[in-house]
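Shown next as C-alpha cells: one chain only, the form predicted alone.
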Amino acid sequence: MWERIAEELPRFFTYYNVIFFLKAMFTTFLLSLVGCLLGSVMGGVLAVIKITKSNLLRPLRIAAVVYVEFFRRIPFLVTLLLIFFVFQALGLEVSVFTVAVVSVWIIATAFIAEIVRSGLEAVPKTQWEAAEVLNFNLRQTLKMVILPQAWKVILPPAFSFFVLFIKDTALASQIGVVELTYSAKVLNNKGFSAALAFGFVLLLYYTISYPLTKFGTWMEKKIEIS
C-alpha cells in the first residue's frame, strides 16, 4: 500500500487536484457556516417562543415543540433526501448546494433551539423576576439581563454542534454536492488509492475543525473573564 501511495503522490498533488480539493473544502465550510448561522437565528427564535408563558403564544409553543422534537430525532441523511424530493415534487429548480443548506438549516434550528433554551433556563429565576419588577419587556429582559449570563452556558455546546456538523455535511455528497467527501470519491474513481484520497480529506477536515475548536475555547475563556 505504501509503495502505491508513494508512486501516486506526484500525480495526486497536481495544480488542478489541489484547486479541486480547496473548492470542495470551501464548500464544506460554507455549507456548515450558512446552515448553522441560519439555524442559530431560527433556533433562538424557537427557544424564546418555548419559554414564553403567554396563552396567546400557546399555538406557537406547541408548533415549536413539535418541530424541535421531530427534527432532533431524524437523521441528517433522511432530512437531506426528504428536502431534495420535496423540491423536485414542487418543481423548483434549485442547486444541490441549496438543498443541502436548507437541510442543515432545518436540523441546526432544532438542535440550537434546545441549546439556547437550556442556556436561558439556566439563568436563575430570580433574574427573570428582577427584570419583571423593573418593568422590562421580553426583549429588554433577554438583551440586558438573561443573555449576558446565558452565553456561558450556550456557547460551548453551540460551538461543539457547529464543529460536529462540519463532519456530518459529508452526507451531502449523496445528492451530488461537491464537498470534501465527494472530492475524495472522485479522485478514488480516477484510480488513486482510497487510502491516499480519503486520508488527505481527513487532514482537510482536521484543518477546518481544529482552528474552530481553538476559537471556541478562546471565546469561552473571554466570556468567563467578562
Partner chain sequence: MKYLSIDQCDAFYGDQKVLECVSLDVDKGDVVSLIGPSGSGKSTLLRVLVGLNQPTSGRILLEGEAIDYKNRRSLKKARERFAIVFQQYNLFQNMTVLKNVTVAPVKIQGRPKKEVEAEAVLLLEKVGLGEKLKSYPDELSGGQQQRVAIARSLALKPEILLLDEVTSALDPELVTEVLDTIRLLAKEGRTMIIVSHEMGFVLEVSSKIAFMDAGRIIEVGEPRKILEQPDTDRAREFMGKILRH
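Positions refer to the first chain, counted from 1. Values in this document were obtained by computation on a predicted structure and should not be read as measured data.
Although not depicted, the form predicted together with the partner chain is the subject of the following passage.
Within 4.5 Å of any heavy atom of the partner chain in the predicted complex lies no heavy atom of E93. The partner chain is not shown here, and in the predicted complex it never comes within 4.5 Å of any heavy atom of P156. Although the partner is absent here, A131 lies within 4.5 Å of the partner chain in the predicted complex, judged by heavy atoms. The partner chain is not shown here, but in the predicted complex it comes within 4.5 Å of a heavy atom of V145. Contacts of stretch 33-51 with the partner chain in the predicted complex, defined by any heavy atom lying within 4.5 Å, are made by none of its residues.
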